[in-house]
Every structure is written in C-alpha cells, then in structure tokens.
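Consider the single chain below, provided in structure tokens and representing the form predicted alone.
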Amino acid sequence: MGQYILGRLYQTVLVLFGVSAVVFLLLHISGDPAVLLLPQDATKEAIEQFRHAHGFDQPLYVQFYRFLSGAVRGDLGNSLKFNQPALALVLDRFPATLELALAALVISIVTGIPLGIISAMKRNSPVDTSAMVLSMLGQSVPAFWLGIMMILLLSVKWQIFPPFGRGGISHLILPAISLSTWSAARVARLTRSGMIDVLGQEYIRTARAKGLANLVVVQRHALKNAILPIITVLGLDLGGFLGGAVITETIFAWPGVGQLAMQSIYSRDYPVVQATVLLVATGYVLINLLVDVAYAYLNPRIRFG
C-alpha cells in the first residue's frame, strides 16, 4: 500500500506539471492582459512598461520557468487586478466552494443511494419507474436552467429562500440542490444497477434462507458489495463540484473559487487563474487517491501493487 501511495503521489506531480503547462499556454495565447487592465487611452509607453513590470515581454519558456520556480515555493505571483498574492485570493474563496461542494455531495448521497436501493428492491414496479424517470430528468435538466427556475419560484415568487449570496443554511440550499441534481440522479441509477446485480447472487439468497431480515441483507451484504463503483462516482463528483461549480456560483452570486475564476478569465488575470486551476487540480487528484485507498478497506480482496 505504501508503494502504491508513493507511486500515485509521483503521478500527481506529473499531472500538476501537465495541467500547469496547458493552462499557462492557453492563457498566454488568449490575449494581452494589458489591453483589459489598462485604460483605453493608455500610451504605448505605458503598455510596454506594464508588460515589462510583469515579465510579459520575456519569452514564454522564461515566463513558464519563473512561474514553476515560484509555484514550488508556494508563490504563484500577484493578481494583476487586485495587486495581492494570487494564492491568498484563491484560498480566501476556497472555504465557500468547499462548503457548497460538500453540501452537494451530502444531497447526492442521501437522495441518490436510498432512491437506487428502493428502485432495485421494487424492480419493475411503479415506484421503480417513477424513481428512474426522476433520475432521467435529473440528468437531463441543465444546472443553470434549474438554478434560474428555483430562484424565480422559490425566491422571487414564494420568497422561501434567499436568491443570492452566502450566509446561513438558507443561502446554501438552492445552489447545493442545483449543483447536486445531476450527481444524485447518476448515483441513483448506478446504485440501482449495482444492487440488482448483487441481489441476484447466491450468497444473498443464502442470507435470506438463514432468516436474516431484509434490511440486514441489504445493508450488510448487498450494499457493501455494490458500494465500490458508487464511491468512485462520488469521488469524481466531489472533484467536479470543486472545479465545476462556476455556473452555479455565478448564478447564485456565491463567493467561491468558481466565481473568482470566471472574473479572472474575463480580465485575463493570469496568476489568479493559474492558482485556481492548480488548487482545484490538486484537490481532484488527492480525492481520487483517497478513493483508491478506500477500496482496500472496503473490499479486502483488492490489493494494490
């Protein structure tokens, strides 16, 4: 296990290097930040001075080397727009994104897994059909449309929840539901298919023949053996929540990393975008590592080389 973890950490370094290179290249071919950050009537001398002050007049490989050498030390440069350390700006927004991502993950778990179990136990019944129709709708409805509809109905018309901003739990409900709907629907469908496969195994029939209660059979035998692919999906979804909440955070004015990244992309604030991508990529690969390690504890038959 130790060798496996070390190998995965080595792969993580390579992944982060590749992500850094791709993002750096895409940002620098997207346009000149001086055009957006300086006034329209800025002189040519002012533009050249701005480029020289931030090193944009140097070759790309020199800029990339300077970026990597600073990243190793935890210095990702200063924001071109806010003139503050880029990493500090991202870390200041990260708790809000993490709060939203964890809330969406909890909703996916507490709705998707029970719904999938009930559908599998009531296979081909009206309950199963209704649950799968809901799952199909959950995977079909765009998150931005769902978010806008919830704001119009639950915030503007009925005034049940606040429409924007971050505050108490009431502010968290709508964006968390909007972000988690697709994941919850996928978890429900995956749980149903996994449970149907497991419930047809001989050891399940043996457990029932011994007189075990149906709830005990489902919890201790069936779900335990069907949970591995579900954990994989939930891990991937959590990483997606951290990096893919841009639309949700923008719609609900949620002050997270996604909203900051969107604003930074519009203003070509290279250091902030790079810091955001690196932080999200690091979280994503570490979550996947934790999911793989969890396999060995959930299923003793799995051994890593």
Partner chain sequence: MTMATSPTVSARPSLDLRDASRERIRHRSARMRRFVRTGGAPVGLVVLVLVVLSAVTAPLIAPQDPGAQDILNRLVPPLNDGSGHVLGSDHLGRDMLSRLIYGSRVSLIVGATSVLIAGVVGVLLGLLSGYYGGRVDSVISWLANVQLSFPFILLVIALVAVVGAGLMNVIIVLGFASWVIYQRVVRGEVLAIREREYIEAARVSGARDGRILVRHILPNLLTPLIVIATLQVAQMIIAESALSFLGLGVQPGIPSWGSMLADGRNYLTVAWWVATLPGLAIVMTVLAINVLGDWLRDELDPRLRT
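Residue numbers count along the first chain shown, from 1. Quick caveat, the model's predicted, so the values are computed rather than measured. Rigid core: the largest C-alpha set superposing within 1.5 Å between the two forms.
Missing here is the form predicted together with its partner chain; even so, the following discussion is about that form.
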By the heavy atom within 4.5 Å rule, which residue out of Pro142, Gly200, Gly74, Gly168 makes contact with its partner chain in the predicted bound form?
Pro142
Please identify the residue among Val106, Leu215, Ile160, Leu152 with any heavy atom within 4.5 Å of its partner chain in the predicted bound form.
Leu152
Taking any heavy atom pair closer than or equal to 4.5 Å as contact, tell me whether Met121 reaches its partner chain in the predicted bound form.
no
At 4.5 Å between heavy atoms, is Arg93 in contact with its partner chain in the predicted bound form?
no
Looking in the predicted bound form, any heavy atom of Gly239 within 4.5 Å of its partner chain?
yes
In the predicted bound form, Met136 touching its partner chain (heavy atom, 4.5 Å):
yes
Candidate spot Gln40, Phe64 and Trp254, all three touching its partner chain in the predicted bound form (heavy atom, 4.5 Å):
no
Since the chain is shown here on its own, which stretch among 203-211, 181-189, 111-119, 95-103 would lie within 4.5 Å of its partner chain in the predicted bound form, judged by heavy atoms?
181-189
Restricting to 249-268, the residues within 4.5 Å of its partner chain in the predicted bound form through any heavy atom are Thr250, Ile251, Met262, Ile265, Tyr266
Comparing between this form and the one not shown on the rigid core: C-alpha of Asn288 shifted by 2 Å or more?
no
